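This document starts with one chain, in the form predicted alone, laid out as structure tokens.
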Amino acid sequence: MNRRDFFKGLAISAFTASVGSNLIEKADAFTVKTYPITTKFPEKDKLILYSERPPLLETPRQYFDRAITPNKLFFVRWHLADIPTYVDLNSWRLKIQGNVKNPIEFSLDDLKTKFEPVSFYAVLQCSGNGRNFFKPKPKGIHWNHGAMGNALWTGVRLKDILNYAGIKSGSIEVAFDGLDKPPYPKTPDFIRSLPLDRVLEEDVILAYEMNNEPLPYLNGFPLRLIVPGWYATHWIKSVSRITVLDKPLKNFWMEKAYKLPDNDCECIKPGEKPEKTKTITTMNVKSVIAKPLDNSIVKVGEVIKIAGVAFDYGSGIRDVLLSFDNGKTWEKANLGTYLGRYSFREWFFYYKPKKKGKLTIMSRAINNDGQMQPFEIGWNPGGYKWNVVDKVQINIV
């Protein structure tokens, strides 16, 4: 079955076969109350379902015992319900327009033949990953740990494309629009912009491959913006139009969405409104325990492997520490192969429980800038940037 035929049945099979179709309640155009169940979508293995339309799928925690997240297990997050399910590459073009000397269009083959290919590993993480752990819970998708993944992205530098088109003086931002469309006339199209200086950095690319395969449709086929070290809100999927701007982009997604309180803690008390806000950008340092899972049963004297991943915004992971006595003492985990500063860093530790009962395992990452996972963070209205020390509890028998 080819991609086109496979996706013809998306709306009438994967979108309706799940019992979740009767459980999802849309509070408004941008908030979904979630009822997670496990399901399987085209090009994906079984993931945790939060919404069918738009597709919101979370990677189960146990798969973060490895540095590279397989495409079929990679989380999915779309903002708009009308997503592309088939793209004809014979007619598809990437349009470069706006404040440029030579507005131009490129086919996917043009991008692959005219520009130098670039590959690197980078973590993609939703801004709201971990939102479910805030108290009280903010509005939005109540992700647990799995709205993130790490992949080898291959594509072309965005600055090479823009320089080819010729950036005019006075340019300050670059806007990105994808093939997804609003389901209703009053729903704002998902268009976001980045500062020109960030766009012109070497590590910002337009990727056409993910782990040496074409991008899955659900992860942005045929072309996705990669902004390593920054949260996924900036990684626009199915990019079809790039506009160089000489003034700031003003729309819902830039003026109201993905904002943090602009203070030292990036937090406020629940019920309050921030005096000033800022756009969420760089990720913070974080580790996640993949194995063992919560409530696992382990025998006394049995050696178990504790494993997970750690990452940050690009400083790189220096250490991952584990505690078995609620944070009184810490032991260093072993770090896996270094795959680049933007990548997951695997870690693991072998442990032999000595007595029966419940045991809490805690993990804490430290990056090369000396930043460390905190024991608690302040509340923010969007439920963004959760990176509290991770923990699981196991039963020793």
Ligand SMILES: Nc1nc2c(c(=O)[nH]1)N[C@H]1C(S)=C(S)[C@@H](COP(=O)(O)O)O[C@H]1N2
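No experiment lies behind these values; they were computed from the predicted model shown. Note that residue numbering follows the sequence shown and begins at 1.
The next section is about a form of this same protein that is not shown, the form predicted together with this ligand.
**Q** Would you say all of 77, 178 and 190 touch this ligand in the predicted complex, counting a heavy atom within 4.5 Å as a touch?
**A** Result yes, every residue of the spot touches this ligand.
**Q** Within 4.5 angstroms, counting heavy atoms, which one of the listed stretches 112-120, 94-102, 200-208, 236-244 is next to this ligand in the predicted complex?
**A** Stretch 236-244 is the one.
**Q** Please run the contact check for residue 133 against this ligand in the predicted complex: heavy atoms, 4.5 angstroms, yes or no?
**A** No, no contact at 4.5 Å.
**Q** Are any of the heavy atoms in residue 150 no more than 4.5 Å from a heavy atom of this ligand in the predicted complex?
**A** Contact check for residue 150: no, nothing within 4.5 Å of this ligand in the predicted complex.
**Q** How about residue 174 - does it come within 4.5 Å of this ligand in the predicted complex, if we only consider non-hydrogen atoms?
**A** Residue-level check for residue 174: no, no contact with this ligand.
**Q** Can you check whether residue 313 is within 4.5 Å of this ligand in the predicted complex, heavy atom basis?
**A** Because no heavy atom of residue 313 falls inside 4.5 Å of this ligand in the predicted complex, the answer is no.
**Q** Consider the chain as shown here, without its partner, and state which of 226, 126, 158, 320 has a heavy atom within 4.5 Å of this ligand in the predicted complex.
**A** So the residue touching this ligand in the predicted complex, by this definition, is 126.
**Q** Can you work out which of 194, 232, 307, 283 has a heavy atom no more than 4.5 Å from this ligand in the predicted complex?
**A** Selected option: 232.
**Q** Does any residue in 192-221 get within 4.5 Å of this ligand in the predicted complex, counting heavy atoms only, and if so which ones?
**A** Contacts from 192-221: 218, 219.
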